[in-house]
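Next up: just one chain, as structure tokens, the form predicted on its own.
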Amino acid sequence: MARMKYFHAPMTCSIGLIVLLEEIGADYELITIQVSKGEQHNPEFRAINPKGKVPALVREDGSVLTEFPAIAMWLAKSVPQANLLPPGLEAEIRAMELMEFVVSTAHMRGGTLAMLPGKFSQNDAAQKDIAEHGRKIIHDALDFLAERLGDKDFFLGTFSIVDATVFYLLQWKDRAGLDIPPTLEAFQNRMKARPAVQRALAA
């Protein structure tokens, strides 16, 4: 079978999946798509992912997986010995619940408004209001996540796909102008101490 190919873009959610690929010791080729240059719309990439966005994972059999939660769950389930999910249905649905909240609410709603207000208005004053609204959505999400984490080291008790998901969101601290709750600051530092995270950040 061919080697997996993982398509990512700098400063996007795709860093979270690089963390997971490194955690499971996957053999993969990392291919960078420069979103700022519009490379996600190139015919070559559209042939791989017609949605025109990252992440996208071409698996060993040539089939393509897209969307962060789907790829994360596949990695966890296909390499169970990596323990990226605690056992049991309840753990799986709680993992999906938290991942979807980060991706759909904090990222897609809050992050898009906070970091790309120009997509919604050409008016400077309106863009400022849009960005501030986006930051409020993210801050509310971060407060919720800090409460869910509590005094645990990781969201589900042990390291899981949820932690890689929250980690990518926290990486946008400076870009989005975020204030991170102390609980999540400590969590981020724990994550950065993991060898897989260090390899992902260096990639």
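Note that this is a predicted model, so its numbers are computed, not measured. We number the residues from 1 along the sequence you see.
What comes next is about the form predicted in complex with a small molecule, which does not appear here.
For this session: Considering only heavy atoms, tell me if residue 172 and the small molecule come within 4.5 Å of each other in the model of the complex.
Result: It does: once the small molecule is placed as it appears in the model of the complex, residue 172 has a heavy atom within 4.5 Å of it.
For this session: Tell me, yes or no, whether residue 13 is in contact with the small molecule in the model of the complex, where a contact means a heavy atom of each within 4.5 Å.
Result: Within the cut-off, so yes.
Exercise. Hey, in the model of the complex, is residue 142 touching the small molecule, heavy atoms inside 4.5 Å?
Worked result: Output for residue 142 is no: heavy atoms all beyond 4.5 Å of the small molecule.
Exercise. Taking heavy atoms only, is residue 134 within 4.5 angstroms of the small molecule in the model of the complex?
Worked result: Residue 134: no contact with the small molecule in the model of the complex.
Exercise. Taking 181, 185 and 192 as the candidate spot, are all three within 4.5 angstroms of the small molecule in the model of the complex by heavy atoms?
Worked result: Result no, not one residue of the spot touches the small molecule.
Problem set entry | Contact assignment for the small molecule in the model of the complex, among 176, 156, 146, 35, heavy atom within 4.5 Å | Selected option: 35.
Problem set entry | Which of 22-30, 61-69, 134-142, 156-164 sits within 4.5 Å of the small molecule in the model of the complex, heavy atom basis | Contact criterion met by 61-69 only.
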